[in-house]
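Let's start with one chain on its own, the form predicted alone, as structure tokens.
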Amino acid sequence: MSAPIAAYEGILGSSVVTQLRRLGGKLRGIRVVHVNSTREGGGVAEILDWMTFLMRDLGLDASWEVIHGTQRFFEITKAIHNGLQGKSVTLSKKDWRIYQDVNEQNAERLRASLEAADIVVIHDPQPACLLKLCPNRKGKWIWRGHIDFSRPFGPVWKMIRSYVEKYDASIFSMSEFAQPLPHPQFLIPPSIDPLSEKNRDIDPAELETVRAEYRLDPERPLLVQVSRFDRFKDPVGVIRAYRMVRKVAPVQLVLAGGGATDDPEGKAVVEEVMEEADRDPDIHVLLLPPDAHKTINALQRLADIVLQKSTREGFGLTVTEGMWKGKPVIGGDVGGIRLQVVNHHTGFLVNTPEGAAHRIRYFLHHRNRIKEMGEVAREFVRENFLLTRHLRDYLTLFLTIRSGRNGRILYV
């Protein structure tokens, strides 16, 4: 259950909450509908859970809809996702027909709500063609891309662009992801909820319970990567970095995560990870359910070093989560991780398993730097990546787009 907006005064001060209430007052009563492809699993679902609640708390008539699809539909949209992040993929005319057919089925179910809304926010490629299926819409439609669009595979982006270009505006996480489009583009990085079960403070006894449950040795440094089991998260590369470090230091590794209902590749990736782990007792591969927020919170707090060695990343909320818990992060030098990991200040950016291993060894030999950089990381998140800033950006965007302001790339 999300906390009301007043609960955040203790973390960010009353002026921040007052500003949000004033913005909410200007938008009181407008109908806002968010649409994505999964109710649980992944950062988008977590964001929409608190965002719709807080928008309602501020007086907006906000709701969240989820499209339904077949197994084949989600296999196709996973390929689209991979293509938009730069992978060469093959999608047939039949695949694109299935993609549109499923969107048409969802449009039949959602059309009345979407056409009546003042603002509709469509998240990611799965429901992107809903706009063309709602010809009597009265409000403004915004497409929000959460992934790394910096070098999309041409044929896939060409098709998705044919849907997206008809929106009134689009949102990307950073300027490097923005693409040539005929409407205003807004840059809004994601955020975390500091009062959620995944990010709230935890009693030390709860931490020790989780440590004991997964048989983690309190005497040896712990490396933790939390993420969906996705090839772009490079869990196999993390294991290889761990093995290089093990040659010189007795560390242990946790790879914790699960899947999302709109990601059918997870099982295959887990099998690859288990094969690479090769029954090493100090590699803990944890398949967690979508609601294992307290466990993830504890694992990140137990970690000496948090990793997110992605090869593509729209933003990387697990980076934000680790930093909020006072941990330096070793992250892939890609996408939204670059917005968060400032080399030598909040962590290190790396490109290879060898680079990750080198930075892990640095921390193990300079333990004071873990604490120093962790403190900087937490304040960096407080200033830039908490939900109040994110919510303010969305409310400002809504006011801007309803006023008819034009532009190309806008920072809100």
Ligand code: UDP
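The first residue of the sequence shown is number 1, and the count goes up from there. This structure is a prediction, so every number in the text was calculated from the model and none was measured.
Form predicted together with the ligand: not shown, discussed below.
- Of the heavy atoms in Met323, none are within 4.5 Å of the ligand in the predicted bound form.
- Not displayed here, the ligand is approached by Lys233 to within 4.5 Å at the level of heavy atoms in the predicted bound form.
- In the predicted bound form, at least one heavy atom of Ser227 sits within 4.5 Å of the ligand.
- When contacts are judged by a 4.5 Å heavy atom cut-off, Thr318 counts as touching the ligand in the predicted bound form.
- Contact annotation: the ligand lies within 4.5 Å of heavy atoms from the stretch 288-296 in the predicted bound form, the single such stretch among 172-180, 100-108, 288-296, 267-275.
- A single residue from the set Pro127, Gly257, Gly332, Pro328 has any heavy atom within 4.5 angstroms of the ligand in the predicted bound form; that residue is Gly257.
- Contacts between 174-203 and the ligand, taken as any heavy atom within 4.5 Å in the predicted bound form, involve only Lys198.
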